[in-house]
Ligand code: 1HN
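So this first bit is one chain, no partners, the form predicted alone, shown in C-alpha cells.
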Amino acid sequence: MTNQLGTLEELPKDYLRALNDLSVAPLWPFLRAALPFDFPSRATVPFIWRYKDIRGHLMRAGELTPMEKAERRVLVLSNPGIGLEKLMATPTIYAGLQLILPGETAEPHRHTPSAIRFVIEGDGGFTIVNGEKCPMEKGDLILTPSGTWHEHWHAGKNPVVWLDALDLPVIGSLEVSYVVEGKRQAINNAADRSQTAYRRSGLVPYASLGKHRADYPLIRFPWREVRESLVSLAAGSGPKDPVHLAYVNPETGGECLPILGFSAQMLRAGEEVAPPRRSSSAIMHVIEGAGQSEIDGKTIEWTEGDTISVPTYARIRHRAASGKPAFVFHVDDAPLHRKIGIYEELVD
C-alpha cells in the first residue's frame, strides 16, 4: 500500500468526462479519504452545549412557535465539525432539547428511527408509548423504540424539557426514515411497568419464563432508582473501581435498543477516571454536579444540564469537582458497533 496514489489532476479531462457521463468514478484518488492508514478520519469534534446558554432560546421558541406549527418543539444539538445543517451530534446520534409547555400536547405519531427521552427539568409531563403512560420526572429515561406510537402531554404548571436522542442519522443514511401520524391512544389505567412488573433487577414476571423474550418489556427507567443503585454500587466498590451502570432489557440482559446504548455513571467527589478509547461515538449529559472532561486534548468544564459530544476513538479523562459527586448519562452507538463486528476498546 502507498500514500502516493494517483490524483484526479493526473487523468485526462476527456477520460473523466466519459466516466462522469456513465456515473462512474475512479477509486484511487479518493481511497485514502475512505480508508486512511491506522486511524479513521473524523469530522466530529468534542463540543459542549451549555444548558444555561440554550435554555432561554428554548423558552423563546415556546413563545414564537405554537405546538401545532412545530409538531415537536426542539432545538437540535448540531456538532460544528459535522455541520449545523446535518442535525447530528455525532455521525450516528441525533440529539435535541425538546420543550412542552403546560396544557400542550405533542400529537401521536410513530417513526422508523428509535428514540429516547431523558428528562432535564419540570414536572407534570408524561409520554404515552403504545398505550403505556410514562410519567416524566427529572433524570427519567423513556424509550420509544422504532415503530411504537408515542405522544407527549403536559398536565403540570412549569415547562418540561427533555433531551431527545435518536438513531436518525443511521436510519436516514439507509433511506428508510419516515413518520406516520396517528390517533390519540387509549391509556391503560395501570402504572407503567417500571412501577409494577420490573421493580427490581433480577426479578421478571414468572409468565415470561420459557417464552419468547419481549423486545421492549421496560419503557421507563426512573432516575430515583438508578441513582440509588449508583450510590449503593459506590458504597460497595473500591475507591478506584468505576461506578457505571448500563440500562438493559430486564428479560434478556441485552442493550435496550438495537443501535444506541445507554448508561449512567457516578463520579465521586474529586474523582478522576480515564476510560479506554472506544470505537463508538457518544454524547454525555450531566444530570447532577459539575466537573471537567479532557477529550482529545480539549478541556471542557461542565455543569448540570450540559451535553458533550465525544468522537470515536477519543482519549478521555473525566474529573468531578470536589465537594459532591457528579452523575452523568451516556448515549453511545456501541450496540451497532458490536452487531457489525467493529467494536474496539484501546488502552494507550
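Residues carry their position along the shown sequence, with the first being 1. It should be emphasised that the depicted structure is a prediction, and the values quoted were computed from it without experimental measurement.
Although not depicted, the form predicted together with the named molecule is the subject of the following passage.
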With the partner left out here, check for me: in the model of the complex, does some heavy atom of R193 sit within 4.5 Å of the named molecule?
no
4.5 Å heavy atom contact, F262 to the named molecule in the model of the complex: no
* Answer yes if any heavy atom of K86 is within 4.5 Å of a heavy atom of the named molecule in the model of the complex; otherwise answer no. => no
Is there a heavy atom of L257 lying 4.5 Å or less from a heavy atom of the named molecule in the model of the complex?
no
Exactly one of D164, E137, E132, E271 comes within 4.5 Å of the named molecule in the model of the complex through a heavy atom, and that residue is D164
Checked R277, H244, H109, R227 for heavy atoms within 4.5 Å of the named molecule in the model of the complex; positive is H109
Assert contact_stretch over 244-252, 219-227, 201-209, 110-118 against the named molecule in the model of the complex, heavy atom within 4.5 Å, equals 110-118
Contacts from 149-173 to the named molecule in the model of the complex (any heavy atom within 4.5 Å), listed N to C, are H150, H152, D164, L166, L168
